[in-house]
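Single chain ahead, written as structure tokens, the form predicted on its own.
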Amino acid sequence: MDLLSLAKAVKDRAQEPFTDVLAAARIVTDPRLPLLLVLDRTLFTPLYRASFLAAAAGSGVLSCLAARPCDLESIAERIGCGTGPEDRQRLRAWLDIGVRLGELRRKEGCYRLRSRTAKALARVANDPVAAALEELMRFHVPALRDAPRMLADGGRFTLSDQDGLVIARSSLVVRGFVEAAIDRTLPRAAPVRLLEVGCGSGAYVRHAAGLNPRLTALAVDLQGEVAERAAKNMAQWGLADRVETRRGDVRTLDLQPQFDVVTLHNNIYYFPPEERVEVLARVRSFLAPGGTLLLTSSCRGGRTLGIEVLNLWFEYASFGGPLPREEELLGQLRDAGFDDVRAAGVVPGQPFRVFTGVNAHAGPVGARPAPPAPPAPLPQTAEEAAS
């Protein structure tokens, strides 16, 4: 039995007689005991809860139990558990920890959701939040945990250390911000050809297509499984005839200057800082004269701890680089040849920023119709946003 378990036993049995008074006295007077009890309440148990909930969300257990109480066999089938008795026993052991933590309850041989947090994370509408928790536990925690070791042995995170499908889901926690930016940037009446770089689930292309029924789009993502999922989503949403989806790296795409709008949402930090001007210039080369770039990103300089830990992950990655600072990215956009470069916040005090720029370079005579008017600037204050 470890000291923490002994400490709890002493605490729980303080009024009961002990056969070994000397042993009990040693435990009670151990100077480490108060610290262990405090850590158990403030760190250990919350960490166990977060870890269990992240795994339960990512494996599909939460969504399974949200529909109805399930027995062990049903849960095993849902998560693809092995068929042997030892596999079932291990699954039961994990689920029973969830019961001990108060996230689940077991009644009449079935498991069901118990805590308010588990029930909230199981809702379909809250899937981005559940994915954000999974991202935190799978990627942010290793950045904090492994940074000293990686400095010592030269290790770096790679793209394979991320789960692109989890990132695509968790990135939708800023969906309201991004959709507000699209609303103010996208032309509504004229035909629009859109290129989305780093399309994730395709949710933002879907939003744009809903705003403009004459819009067609090319959606690309660097990770093949993400592009494949986005293509399936487009088919499910009835947009396959308007949106082409493919795997692609913007640095090697071979495209003509045919797009009216190019969007990059929450991915500029996947490119090293020294490459960003070149990447942005290449993006501009895909725009027709008068076309608009819409780029959204979390930026450094705020007080949001999660953004700083995300930045730490990219500091230790073998690709990409630190999150941008607003003035730095504005300068890179100008260096890439964009005109009318602007930045705006969506919610005052938050680190999420919206950047726009226009490709004002003229093309061949008669190649394109007159360019659309530049987008209206985003509001800078909550009062302007509400007007």
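Quick note: we count residues from 1 along the sequence shown, nothing fancier. Note that the structure is predicted; figures quoted are calculated from it, not measured.
Omitted here: the form predicted together with a small molecule. The next part is about that form.
The candidate site formed by Phe52, Arg105 and Thr117 is entirely out of contact with the small molecule in the predicted bound form, as no residue has a non-hydrogen atom within 4.5 angstroms of it. Residues with any non-hydrogen atom within 4.5 angstroms of the small molecule in the predicted bound form fall in just one of 81-89, 148-156, 105-113, 266-274: 266-274.
Comment: the small molecule is not present in this chain, but in the predicted bound form one of Pro187, Pro128, Gly290, Gly248 has a heavy atom within 4.5 Å of it, namely Gly248. Exactly one listed residue, out of Asn212, Asn311, Thr304, Gln223, brings a non-hydrogen atom to within 4.5 Å of the small molecule in the predicted bound form: Gln223. Although the partner is absent here, Ala168 sits close enough that one of its heavy atoms falls within 4.5 Å of the small molecule in the predicted bound form.
Contact between Leu194 and the small molecule in the predicted bound form is not found at the 4.5 Å heavy atom cutoff.
Although the partner is absent from this view, Gly98 stays clear of the small molecule in the predicted bound form, with no non-hydrogen atom inside 4.5 angstroms. In the predicted bound form, no heavy atom of Leu280 sits within 4.5 Å of the small molecule.
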